[in-house]
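Only one chain is given next, in structure tokens, and it is the form predicted alone.
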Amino acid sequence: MKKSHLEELSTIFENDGILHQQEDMIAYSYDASHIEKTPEAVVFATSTDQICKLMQFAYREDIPVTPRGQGSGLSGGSVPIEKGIVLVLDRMRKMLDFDPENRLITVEAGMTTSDIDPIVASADLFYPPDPGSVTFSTIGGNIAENAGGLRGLKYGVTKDYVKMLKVVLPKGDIVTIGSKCVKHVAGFNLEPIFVGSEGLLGIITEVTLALLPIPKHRESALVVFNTLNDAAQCVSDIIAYGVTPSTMEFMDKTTINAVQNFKDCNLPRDAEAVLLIETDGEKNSAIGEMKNIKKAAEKNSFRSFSLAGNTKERDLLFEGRRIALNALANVKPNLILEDATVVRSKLPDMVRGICEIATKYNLMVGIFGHAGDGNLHPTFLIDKNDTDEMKRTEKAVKELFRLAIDLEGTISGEHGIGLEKKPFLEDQIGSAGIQLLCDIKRTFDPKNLLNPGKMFDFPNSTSN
């Protein structure tokens, strides 16, 4: 990057808001995926106005810009694959407005989900999306990836709670879209196009989120199974009973033992699978739903069914699920975490298929995830230095995505496409679908400067 470029960046972000030494670039060259690329400069925004000036500068000088929250993404979305500038938003973490009467909160993009909950809990409200990275991923990143989480079955995902967005477009224009009103049809419905856009269309700087009342009662249970198939079939049967749990998480034997090796969460090491299930709402309703869940478990040869007796027991169960990824990361030097998703009725087919793929390629795979919404996380436990194992893993991952598509599912339920799944997107949406994405990208960003190289290969850029 030219000296004049760095000088102009310094005028926008001041000295404590810019890094450009090579050793500093390494920390911003990767996220939680397996791809690394060092940028030429890193800037730390504290206002929408700064980002506006940055994009005007970058657009004028043809410099790529890659937005970044906490770098916790799992698909390579914040890796600066075309170098240029990494724009870090985690210093923008102010709460701008809390409106309990209308059940709304407006925050800057760098705030985390766990920052929001204590604020809104004072009014007996909560923000339902609950990604596993709740304590460190930013709201802006959650919106860019349309993050899901443990409560997705009953409460939906991030897109269901986004009311308004302030966005800086690639040329530097600032737009505010959406409305705080329950009803809103003024113009195109633009909010959804930015939710899940992975930073390709604009930079989200502020967001107004919808909130819900905290449920009055919760029932939490651990159901233990002797076979994977029984656990998977139980998920489908629970839904067929007309029950909608707030949480229904799945862990297989590999994951259970990884968790227990990591921290004792009272999980049965000899079980083939467990379901962690929670119902909530009015007390009698939550208790009644849990009784129906037990009936569904009885149809599927469950080994034990135990209710958490108090908050401490419940928190320990949920901690076991939340640390599953960290625990699996301790099993082998590396892991590849996928989030292929199917409709709930196809869950048993998906679990069987994953096991068959693991056996076919002689790979160690831990399976956990949000079984209630069909979003599994088959996790390949590998050593990247083992060339043969890596080749087998690549083939297995390709078959995994094919399986999900064949079961009318999707290659990503909540982690996004980014770099990791880019080669497989066309298999799901077809060449016409890729062309449509390119056309939309070109409308917003004709020079392809905002987070280039992600999601799909953009044809030759055209200057505006």
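Heads up: residue numbers just count along the shown sequence, starting at 1. Worth saying up front: this structure is predicted, and the values here are computed from it rather than measured.
There is also a form predicted in complex with another copy of the chain; it is not shown, and the following applies to it.
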For the chain seen here without its partner, which of 425-433, 50-58, 26-34, 395-403 has a heavy atom within 4.5 Å of another copy of the chain in the model of the complex? 425-433
Heavy atom within 4.5 Å of another copy of the chain in the model of the complex: which of N385, N261, N189, T359 fits that? Just give me the one. N189
If the cut-off is 4.5 angstroms on heavy atoms, which of these, L201, L228, L74, V88, is the one near another copy of the chain in the model of the complex? L201
Would you confirm whether the three residues P213, S285 and T410 all fall within 4.5 Å of another copy of the chain in the model of the complex, going by non-hydrogen atoms? yes
Even though the partner isn't displayed, in the model of the complex is G416 close enough to another copy of the chain, meaning a heavy atom within 4.5 Å? yes
Indicate whether another copy of the chain has at least one heavy atom within 4.5 Å of a heavy atom of E145 in the model of the complex. yes
Report whether the minimum heavy atom distance between A121 and another copy of the chain in the model of the complex is within 4.5 Å. no
Does another copy of the chain get within 4.5 angstroms of any non-hydrogen atom of M455 in the model of the complex? yes
Checked 332-348 against another copy of the chain in the model of the complex; residues with a heavy atom within 4.5 Å, sequence order, are T341, V342, V343, R344, S345
